[in-house]
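A single chain comes next, written as structure tokens; it is the form predicted on its own.
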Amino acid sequence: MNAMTDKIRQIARRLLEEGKVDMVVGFRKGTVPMMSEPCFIKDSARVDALVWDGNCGINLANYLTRRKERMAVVAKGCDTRNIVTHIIENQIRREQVYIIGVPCQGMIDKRKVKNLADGEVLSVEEKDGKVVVTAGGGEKSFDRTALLQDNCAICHHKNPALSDELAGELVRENPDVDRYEDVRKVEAMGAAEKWKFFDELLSTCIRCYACRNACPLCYCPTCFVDESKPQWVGKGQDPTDTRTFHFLRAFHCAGRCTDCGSCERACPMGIPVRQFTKKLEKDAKELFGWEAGMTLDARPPLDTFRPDDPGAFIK
């Protein structure tokens, strides 16, 4: 990852010194292991704070909307697809953002690391396809692929969909991986079994809205769960209100979600909330041939109408 970090710093320094951007949005090392955090660099003297590693899982597209500055942003494949969606939805102007594209080998799942470590994790180092974890019980080495976030393990678009400059060589895509095996298992269930499945999935939800807050698609000035005139959803942990929040939020992401995994990464309870959005992603692809954020030249299927649109699913 060092070569990628060096290249990102080099590009950021040049853009700031040449006055092409007012700010670079990237990552710096966090204060605890496995928590690289977003940062905003406005002075070229500070670009050495920028880093890139397998802990840069936060989707930086979340920090670009409604800003006035000329920005450069360090963006992996799913981030760039969200940037494309923001441009289409008029949340960002294309000429306002300089995309430093990062070919991505996937982000590390901190929960998987913690489950395998002996005691408190003190440091995590990536080298030559391995992840070396130092914890209270000593040092262990793991294959990096075994520690990837679930969304990264089945990613079809590791390379940036849109960029002005690349920070590294393009990586090999893996289009043959089955993205929807888990979705088909749920689709095959009967109604009662599905109800039980989702009840159990959401049983630990504390309605903290971390999934919503981390999602780059949730940029509404007032979320439907916060409306009071009228109040659509209760504020407590009533199961009906919890289900309403998760299902409606998923439908708001239909045809827009890039499966960046920010929602699951942010959930303090470890709920696999991608079970909702992946079903709708599968439907958008099968019904409309649509994958979110792959092009600026087409509108998403749910904000357009064609006479030949499939309609049997609404019967």
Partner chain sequence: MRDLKIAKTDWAKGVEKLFGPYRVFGPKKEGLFHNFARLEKGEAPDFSCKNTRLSAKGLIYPQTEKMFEYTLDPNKPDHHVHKEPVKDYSPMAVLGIRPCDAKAFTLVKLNFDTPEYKDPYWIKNYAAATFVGLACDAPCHACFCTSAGTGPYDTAGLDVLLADAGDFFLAKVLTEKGEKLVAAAGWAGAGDAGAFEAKAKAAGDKVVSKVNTAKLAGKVTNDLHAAPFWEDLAFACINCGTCTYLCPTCWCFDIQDEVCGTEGCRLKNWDSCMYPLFTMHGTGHNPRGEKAQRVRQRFMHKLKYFVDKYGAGIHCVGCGRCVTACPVNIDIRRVAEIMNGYEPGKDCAV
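Keep in mind it's a predicted model, so treat the numbers as computed, not measured. Positions refer to the first chain, counted from 1.
Same protein, other form: the form predicted in complex with the partner chain, not shown, and the subject of what follows.
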| query | finding |
| --- | --- |
| Heavy atom within 4.5 Å of the partner chain in the predicted bound form - the one residue of 143, 173, 165, 226 that qualifies | 226 |
| Residue contact check: residue 210 to the partner chain in the predicted bound form, 4.5 Å heavy atom | yes |
| Proximity of residue 67 to the partner chain in the predicted bound form, heavy atoms at 4.5 Å | yes |
| 4.5 Å heavy atom contact, residue 222 and the partner chain in the predicted bound form | yes |
| Non-hydrogen atom contact residue 25 with the partner chain in the predicted bound form at 4.5 angstroms | yes |
| Contact at 58, 231 and 236 by the partner chain in the predicted bound form, all three, heavy atom at most 4.5 Å | yes |
| Contact stretch among 156 to 164, 201 to 209, 74 to 82, 99 to 107 - heavy atom within 4.5 Å of the partner chain in the predicted bound form | 201 to 209 |
| The partner chain in the predicted bound form - contacting residues of 252 to 285, heavy atom within 4.5 Å | 266, 268, 269, 270 |
